[in-house]
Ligand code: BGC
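In the form predicted alone, a lone chain appears below as structure tokens.
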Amino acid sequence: MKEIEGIITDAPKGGAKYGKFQIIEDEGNIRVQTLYTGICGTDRGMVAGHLDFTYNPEGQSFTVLGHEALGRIMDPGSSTAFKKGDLVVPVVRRPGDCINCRIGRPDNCSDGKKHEAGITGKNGFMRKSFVDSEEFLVKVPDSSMLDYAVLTEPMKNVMKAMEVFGTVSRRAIISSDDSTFEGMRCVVIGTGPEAFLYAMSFSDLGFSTIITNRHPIDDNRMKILSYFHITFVDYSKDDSLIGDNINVIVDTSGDPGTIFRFFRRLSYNGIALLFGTNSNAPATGVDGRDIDRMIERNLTLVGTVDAAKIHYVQALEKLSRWGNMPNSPLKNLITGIYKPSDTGIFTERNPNEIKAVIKWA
């Protein structure tokens, strides 16, 4: 057993406690000092006791929270890939026994035996330091990314989704006549951090991109969207501004009613990427006309979750490029920095929050 200082919950019952706890020793020989951990809907869902699929590591009555992390190498052990002082991001999913896990794609685990740090059967990173193996650490290429590299974990989900988009979009041509995506239309549902990263990525590809929600947003959000040439629409007021003939929908809300509200506006060969989860969302009506539309228009409805190590690398490359753009507002996605003892942040969310993080060092 090993004593750590961190934040724990009892999965799936919930609650959050900060203090010193005895945990099962981590596997690996590289010691990492935790710098920042991000707080996301999964962390809050666990603390609220709403995520029945979560569970504690075997032999423990609690789980150390945290799957979004940025750290600094304290002791590289026998590793030749890292040196003391390197910034690193830990990989969340750890492989099970299936063929996908064995080839480095636990994001596509097919037997359910994978583990997720801070979520299912493995302690997370909301603690002063942790030990890990070389294969599960990704080096941050640029030390100037210190202020926003904690966004790597949510960004890697986006890079995985872009891979999924690339795969399913090959079933039909959805690009413009000149082979680019200029003039193609993407609608992202939600205004949280992942929604912003999705919208920024599709705008990057050349899509005319709209991000939408059913409430207004603050000036900080509007400035970030304007910088990346993204339009915001409050669909509770006038969703006619979104229009029809949408080529791609990305949902981060997990709300069936909202998803099908816009799914019915997809153009021929349109694609809907589902990322958000919300088991408490109310049921919605789907009828034969929706099925007819899906078939006759050759529509694709696909779910996407988590990512592989390659997507962390791609995420860091994308964040580095965005962060180095002139007057980049990227770091403004982080709207609150808290102390480890501020466990109230798990239940009391700032209405203007995009991404809240905990500073550990």
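Source: prediction; values computed, not measured. One rule holds for the numbers: they count along the sequence shown, beginning at 1.
The discussion below concerns the form predicted in complex with the named molecule, not included here.
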Looking in the model of the complex, any heavy atom of D306 within 4.5 Å of the named molecule?
yes
Does any heavy atom of E116 come within 4.5 Å of a heavy atom of the named molecule in the model of the complex?
yes
Indicate whether the named molecule has at least one heavy atom within 4.5 Å of a heavy atom of E153 in the model of the complex.
yes
Should N157 be classed as touching the named molecule in the model of the complex when contacts are defined as heavy atoms within 4.5 Å?
yes
Picking from 24 to 32, 326 to 334, 56 to 64, 40 to 48, which part of the chain touches the named molecule in the model of the complex when contact means heavy atoms within 4.5 Å?
40 to 48
Scan M126, V187, V92, V89 and let me know which has any heavy atom within 4.5 Å of the named molecule in the model of the complex.
V92
